[in-house]
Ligand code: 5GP
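Coming up is one lone chain in structure tokens, specifically the form predicted alone.
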């Protein structure tokens, strides 16, 4: 994988471009994809964003979101677009299998592939050019850097700015996480000068859920949370019946794991959700406990030092029991 700076000269040559990201795209995935989309079309590129799966309703207000192609829902159309691509941007994921059923399609494409990501241990052999920087707050910050460093700051219009703001805001926990560096705040000042309405963006992301989600959160906290003070850890296990009972959709469980870290003394929070194909884990931590390594070692996952995900093919009860047994190995680290 050559450095991203070696790619800058290609930006001025119009191409058929596809932008993709990880399955179940979050605010940073969709924000970076659409921010890059609005930038590239100004340079004359023909651009399509193809998402591996559907995405949360609270992201659908974003400019250009109505043009995103859902690979799972429109596979024939998506495959045609992908096979015609001359240039593929892969955003906010470090390894191809995070695109779910798109993995083999992407690996088989004969085009230039560019990685922009901030997760650990990227699959460098799969990309022509790229940048992987775990010190960055978000992929949106990295797309902003690409635009600025390649000399196109004038192309950051309100659409680009609004999309990039979403990813930085969500991935920094509204600027409270350590990754919200001085550079991040300088970026936000730049975007504000472009005219973004940060209050409206915040309301669209955080204040647009249905009543059933709030009732689900209350139910989960009351009935599904276990706290292990001897390990400074809290866990939730969400069943399929819970999801059905409260009519939970994609995005409705976003951020639920963070509630666990609001308990005094808790340094490690984990939530597992019983999905059709597998059990999906989300891990969060405070301080020096590395959930990226924890996820990689035990749950076929990974991510960031303090935020990671994983999965298990075991039934819900089994994977929860395994987690509790594994937790005993980390008693010293979690003190």
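Positions refer to the first chain, counted from 1. What you see is a predicted model; the values in this text were computed from it and never measured.
Missing here is the form predicted together with guanosine-5'-monophosphate (5GP); even so, the following discussion is about that form.
Heavy atoms of no residue among 31, 38 and 64 are located within 4.5 Å of guanosine-5'-monophosphate (5GP) in the predicted bound form. In the predicted bound form, guanosine-5'-monophosphate (5GP) sits within 4.5 Å of a heavy atom of residue 308. Taking the partner from elsewhere, residue 70 is found to have every heavy atom lying beyond 4.5 Å of guanosine-5'-monophosphate (5GP) in the predicted bound form. Taking non-hydrogen atoms only, residue 136 never approaches guanosine-5'-monophosphate (5GP) to within 4.5 angstroms in the predicted bound form. Contact annotation for residue 280: at least one heavy atom lies within 4.5 Å of guanosine-5'-monophosphate (5GP) in the predicted bound form. Partner contact region in the predicted bound form: 297-305, out of 262-270, 56-64, 40-48, 297-305, criterion any non-hydrogen atom within 4.5 Å of guanosine-5'-monophosphate (5GP).
None of 224, 119, 113, 213 but one reaches within 4.5 angstroms of guanosine-5'-monophosphate (5GP) in the predicted bound form through a heavy atom, and that residue is 119. Contacts between 146-172 and guanosine-5'-monophosphate (5GP), taken as any heavy atom within 4.5 Å in the predicted bound form, involve no residue at all.
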